[in-house]
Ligand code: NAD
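First, one chain by itself in structure tokens, the form predicted alone.
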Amino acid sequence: MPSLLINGTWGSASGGQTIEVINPCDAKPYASIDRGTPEDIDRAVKAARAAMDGAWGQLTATERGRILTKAATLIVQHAEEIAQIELRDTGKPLSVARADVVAVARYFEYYGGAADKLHGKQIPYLNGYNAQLVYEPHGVVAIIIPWNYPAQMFGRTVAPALAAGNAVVLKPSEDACMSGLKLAALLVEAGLPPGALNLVTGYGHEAGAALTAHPDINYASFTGSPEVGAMVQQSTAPNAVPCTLELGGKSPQIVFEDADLDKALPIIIKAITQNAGQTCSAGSRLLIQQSIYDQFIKRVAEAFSKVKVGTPEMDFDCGPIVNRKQYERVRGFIDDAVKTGVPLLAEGKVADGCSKEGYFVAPALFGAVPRDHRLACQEVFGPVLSAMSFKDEEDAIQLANATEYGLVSGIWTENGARQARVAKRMQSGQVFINCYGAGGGVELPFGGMKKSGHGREKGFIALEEFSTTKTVVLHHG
């Protein structure tokens, strides 16, 4: 099946080449996608520009919202089909894939309802003048999404971009994009005009690089590694194109001695094992106050040893790592930690019946991890939890902020004053107190500080990110 959607029509890549789609559960190809070229990207950008100048650009915000709302309904109707596509492509457990599809529908529902709520502002000014601030779409938006949550990321980026009135050129990850193809087809079915959404599959260094460097895009959104994020910024800079970057994290869970440990324990485990730890906001560092470290780490180790890894149909805690490159990276972190003497406190179990060729990794709990060890500061992007102790509140804050990342922080304490003090000093875009993740939170602005990136996704603020402002001043005398 052709995997390029350009100007409302599905077609094949101009170069005629394809990329195998690998099932991470057995490392075997089960489908193929088109290997998009710079020429395909150019056609997609031109189609998006024509849509902005034509039917799509002439729709009112209310009409855009209705299309997105209809798309949400279609996603719900096709939910199980999309979930089955997603789990085969990524290997994630069935219940997680289903939850992801619910989230995708919610994104389109949320932004469908919000499309006509992005109001301008009246600015108090001089007598005899009327001054307004007007929100307008950037124009053609380039979006590159990753492989860890392909369906969710489609909704998180495409829905607000379209709601704000932009035309989109989407380059999904070559490692997991099959659900995106289905979602794009549903948007077309919902009545999206040709060219409003264009999708080009292919490699990042080919199609992705051509997209961010294209002189006729007006905005870019990228989710991925800091290294590639820097390349995206360099690529867009010559054309003065702004971008939103979400570049991962090394997020701390800070457990103070007065925390409700019964409440914290299952959430801490899930925060690092969900999606096999392949989550930018994964709680990958567990910081425990010294006075309760021995007591609590025993409980964490016991719970960790019960984590199960299996195929999607088994529906355990974890599925496989998405591809061989990432699998070898995660295994490398674990093997290096063991080799350098970091105590391995507990491991999960890979279920019987999983293919030995699959990319399955037993989740690993290490502690106490030295503060200068790579496990304490580098993102693994796998089910590896690094436990460390801290002395007091000031030490906890310093340790929590002692990485190049700043995406999410978790704080566990019953002391209200401490909650406020520590939250204020966290260098992260999100802070959760006595919870973590808050159910995905479509409504909650999400983004990072430091090398976790800049700009915000999710929530109403995403509409503002996908818009530019114009100041209009009228002298009426």
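Just so it is clear, the model here is predicted, and its values are computed rather than measured. Start at 1 with the first residue shown and count on from there.
Absent from the display: the form predicted in complex with the named molecule. The rest refers to it.
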| Which of these residues, A271, L87, I144, I217, gets a heavy atom within 4.5 Å of the named molecule in the predicted bound form? | I144
| note | Assert contact residue (the named molecule, in the predicted bound form, non-hydrogen atom within 4.5 Å, options V307, C280, A105, L375) equals C280
| task | Report whether the minimum heavy atom distance between F432 and the named molecule in the predicted bound form is within 4.5 Å. | result | no
| query | Hey, in the predicted bound form, does L407 get a heavy atom within 4.5 angstroms of the named molecule? | reply | yes
| Are any of the heavy atoms in G204 no more than 4.5 Å from a heavy atom of the named molecule in the predicted bound form? | yes
| query | Is there a non-hydrogen atom of K171 within 4.5 angstroms of a non-hydrogen atom of the named molecule in the predicted bound form? | reply | yes
| request: Just one of 182 to 190, 394 to 402, 231 to 239, 348 to 356 has residues with a heavy atom within 4.5 Å of the named molecule in the predicted bound form, so point it out. | output: 231 to 239
| Which residues from 213 to 234 come close to the named molecule in the predicted bound form, meaning a heavy atom within 4.5 Å? | F222, T223, G224, S225, P226, V228, M231, V232
